[in-house]
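Encoded as structure tokens, the following chain is the form predicted alone, with no partner shown.
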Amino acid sequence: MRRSPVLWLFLLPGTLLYLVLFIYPTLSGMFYSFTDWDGVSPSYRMVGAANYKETLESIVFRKAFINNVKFMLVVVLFQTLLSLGLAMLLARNSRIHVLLRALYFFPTVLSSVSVGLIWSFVYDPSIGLLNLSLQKAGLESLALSWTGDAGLALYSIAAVQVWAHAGQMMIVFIAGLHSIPAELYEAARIDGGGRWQIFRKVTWPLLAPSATIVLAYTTIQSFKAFDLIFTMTDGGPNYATEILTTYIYHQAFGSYKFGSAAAGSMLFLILLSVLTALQFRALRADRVSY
């Protein structure tokens, strides 16, 4: 296609928005990460790499990083398995399957803040629906302080994250399943392949593009989680649910250490970029064409 200068003009609005909304804030954050700016004062002082050193040596930052990794592993594992299972069960286009898809997709349209508030009520140890249901069922021993127990709170929120976004990933897997030629399944059945063999040899390899999208998106989404944790626990109890995004928020708006928060943001950006690049590279090796 001949490239006319006029065509490049159509890219200009998007490019300007990208520069203003992403490049400028990133460069600005990088600059302030080398200052002691408190976010309020008109003046600031250059402190070099002191903010990065302080952040990396912070016990809370290290705990937030470990919590982030735990949260990501749990969410990626269970959200991928649940969305894939739902896609396998609901891939057909009958009315009941379409209706069930809509029901499972519904939590995705809710805002994260709304989901957090709803589940804060569900998890409430005294009047929450979950504990009341367990008590009515005679399972009082399983009625716990879901977000008040330091050893349980992070996983309780991870379960909500999985519930809220599994439907969205289910749609990606269903699109992948519908793109697989039916002839491949027929050939596999003629060759005597069982369900598990067909899934392992045909379905899963050809779902690699969809799996790449799901794993990359879920990883980034779980690392950037903020709304749910902020509304449900605000990082507590005793930093048990503190992750990198809430740590950065508390540094900026709790301690008024914008320089330190900017340093944490830069480290977070580097970590997320490296993780995403490694994930795409690893999954690209398993991609199958047909």
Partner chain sequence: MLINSLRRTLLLLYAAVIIIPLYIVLVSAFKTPGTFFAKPLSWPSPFTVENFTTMFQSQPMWRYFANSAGVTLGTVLLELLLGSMIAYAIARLGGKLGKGLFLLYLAGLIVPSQVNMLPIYALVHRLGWTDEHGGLILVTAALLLPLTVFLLTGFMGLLSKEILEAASIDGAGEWTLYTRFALPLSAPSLAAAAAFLFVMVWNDLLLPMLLLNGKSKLTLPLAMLQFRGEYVTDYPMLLTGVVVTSLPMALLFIFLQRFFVAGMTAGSLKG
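Under this definition, the rigid core comprises the largest set of C-alpha atoms superposing within 1.5 Å between the forms. Residue numbers count along the first chain shown, from 1. Note that the structure is a prediction, hence the values are computed from the model and not measured.
FYI, the form predicted in complex with its partner chain isn't displayed, but the following is about it.
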Does its partner chain come within 4.5 Å of any heavy atom of Val74 in the predicted bound form? no
Heavy atoms within 4.5 Å of its partner chain in the predicted bound form: does Phe199 have any? no
Considering only heavy atoms, tell me if Ser111 and its partner chain come within 4.5 Å of each other in the predicted bound form. yes
So, Lys224 and its partner chain: in the predicted bound form, are they within 4.5 Å at any heavy atom pair? yes
Quick one: of Leu177, Leu152, Ile118, Leu184, which gets a non-hydrogen atom within 4.5 angstroms of its partner chain in the predicted bound form? Ile118
Within 59-96, the residues that have a heavy atom no more than 4.5 Å from its partner chain in the predicted bound form: Leu82, Leu86, Met88, Leu89, Leu90
Would you say whether Ile270 is displaced between the shown form and the other one, judging by a C-alpha shift of 2 Å or more on the superposed rigid core? no
